[in-house]
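The form predicted alone is given below as one chain in structure tokens.
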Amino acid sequence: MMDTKVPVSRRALLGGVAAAATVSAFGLPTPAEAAPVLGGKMIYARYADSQRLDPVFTELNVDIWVMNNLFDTLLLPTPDGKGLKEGLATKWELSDGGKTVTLTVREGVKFADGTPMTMADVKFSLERAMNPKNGSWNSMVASVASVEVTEPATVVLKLKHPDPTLLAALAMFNTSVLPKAMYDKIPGKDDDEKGKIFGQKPMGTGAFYVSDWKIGEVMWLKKNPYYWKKDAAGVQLPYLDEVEMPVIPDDATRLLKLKAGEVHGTEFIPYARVKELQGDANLRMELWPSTKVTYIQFNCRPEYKGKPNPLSNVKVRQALNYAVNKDAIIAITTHGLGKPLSSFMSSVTPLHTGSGPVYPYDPAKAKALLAEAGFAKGLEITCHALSGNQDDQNNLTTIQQMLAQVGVKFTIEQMDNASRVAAYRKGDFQSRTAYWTDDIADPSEITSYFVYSPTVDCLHTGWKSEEADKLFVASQEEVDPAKRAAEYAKMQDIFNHTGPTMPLYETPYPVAFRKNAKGFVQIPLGNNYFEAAYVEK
């Protein structure tokens, strides 16, 4: 679909081979295509608003997928999501048995206010990402012992041990380069407090910057006039002057506005509407390859709202999984566009294991497990759903009917996104709908979030496996591919059969645009890119 450089293999990276990649933008027109239109505005409707545009302290895709356009990282993922290419670093090299990473940083880069990016900015940003007190993702760069800079353009990372994930982590949003001088002027008692302020008016070296933001209503991104990228023809990027992002939580309303031409594009198209939009001559329905997985997650703590929580019992969680026919849900919700999950991670995530559904449909076994757990007469469970989301509604009403057949009363609680996220972070839910998409081409990120309890208490569920925790720590240092694969296979086995989720399906990313809106790209890691987007008159 897109021009890609052949990905650098993990073996080459671990062997200390210097690597480089093209700086061409994603999705740029080929010589045979018409030249892009320069200037103007694209209106892209979102299902929910961002909450905090701070690379270190967020864990939400509604933040991350905007930040891809505001900030740059030293390395960038290739368009297929499997390899690495140049970002703010033009080359990189491993030495000292994999314990030293030397990167040459691009010169002449400026932040969106025209301030030159310096090596002090690079050092500050990496050290902020490494701080164990900061955010959910510091474990991704925990192997870095020190960051040393050599003017004018070299940064040297000294590692505590060889780390098979580090180069991929340098292409992850949390290692984005921020302006140190601007950040230092922000008042606040700690990094979290300062980051909240910075995240409301962020500044990076990316293609755009936030010019205005009415939280919960609309965000405006303006062109960074100092952006360092040009397209293959030498034209300065981005093409657009502005991207307007209205927040329209209701799926049906977003699609009505798209069909009426009030917006140029929108995200998270309900799968039930895909075929309809494919038949609309005014629209372009896009299904981008993805690492998106959809699941239900369970609170595993002994109590919920002061009462014993049946989901703390692994047999109950297993019973709920056996009681739900995943193939039926895929047919009803995705209209065949999805496929069953065979692990908690997507089938295209590196080191994935498994084939076929984790839990095949078996209502008789579900009833037997509930009886063994002491719930032969049934139980009640509540589930937080995203208000206005058709896929959530289809999933949960189908699950509700299936669980009723085994004696489980499943109550759906509709919530707006901000309230739902707040409850999630507090662990104040019994069950909830959720989806995940990888941000790096390595299983360490999703595994740190789902399986490794010190990160976010395993999806904020309270679930914990000491064996899985030890395996994850070992895998972060394991450079032998076979041994690392075995560690990940064991972690998947533990989580898949005792963990706090009901895996449902994996699907492509569904986005739709008016025919005159072109150049938007979403790669399998979820990154949304507007740098090569434009609107024909």
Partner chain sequence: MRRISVPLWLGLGILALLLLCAAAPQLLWPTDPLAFDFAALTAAPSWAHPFGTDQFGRDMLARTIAASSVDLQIALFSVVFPLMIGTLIGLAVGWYGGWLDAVFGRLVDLVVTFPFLVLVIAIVAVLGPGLVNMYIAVACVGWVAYARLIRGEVMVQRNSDYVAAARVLGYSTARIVFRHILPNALRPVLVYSVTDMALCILLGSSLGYLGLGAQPPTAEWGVLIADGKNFFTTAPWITLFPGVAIVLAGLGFSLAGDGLADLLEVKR
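Positions refer to the first chain, counted from 1. Values in this document were obtained by computation on a predicted structure and should not be read as measured data.
From this point on, the text means the form predicted together with the partner chain, which you will not see here.
Undergrad: Of these, 382, 115, 397, 104, which has a heavy atom no more than 4.5 Å from the partner chain in the model of the complex?
TA: Flagged contact: 397.
Undergrad: Considering the partner chain in the model of the complex, which of 149, 272, 235, 404 comes within 4.5 Å of it through any heavy atom?
TA: None of the other options qualify; the answer is 272.
Undergrad: Consider residue 390 of the chain shown here, and say whether it contacts the partner chain in the model of the complex, taking contact as heavy atoms within 4.5 Å.
TA: Residue 390: yes, in contact with the partner chain in the model of the complex.
Undergrad: Looking at the partner-bound form in the model of the complex, is residue 127 within 4.5 Å of the partner chain by any heavy atom?
TA: Residue 127: no, not in contact with the partner chain in the model of the complex.
Undergrad: In the model of the complex, does residue 335 have a heavy atom within 4.5 Å of the partner chain?
TA: Output for residue 335 is yes: heavy atoms within 4.5 Å of the partner chain.
Undergrad: Hey, in the model of the complex, does residue 120 get a heavy atom within 4.5 angstroms of the partner chain?
TA: Contact with the partner chain, no.
Undergrad: Can you say which of 161 to 169, 373 to 381, 325 to 333, 224 to 232 gets within 4.5 Å of the partner chain in the model of the complex, counting heavy atoms only?
TA: Of the options, only 325 to 333 has residues within 4.5 Å of the partner.
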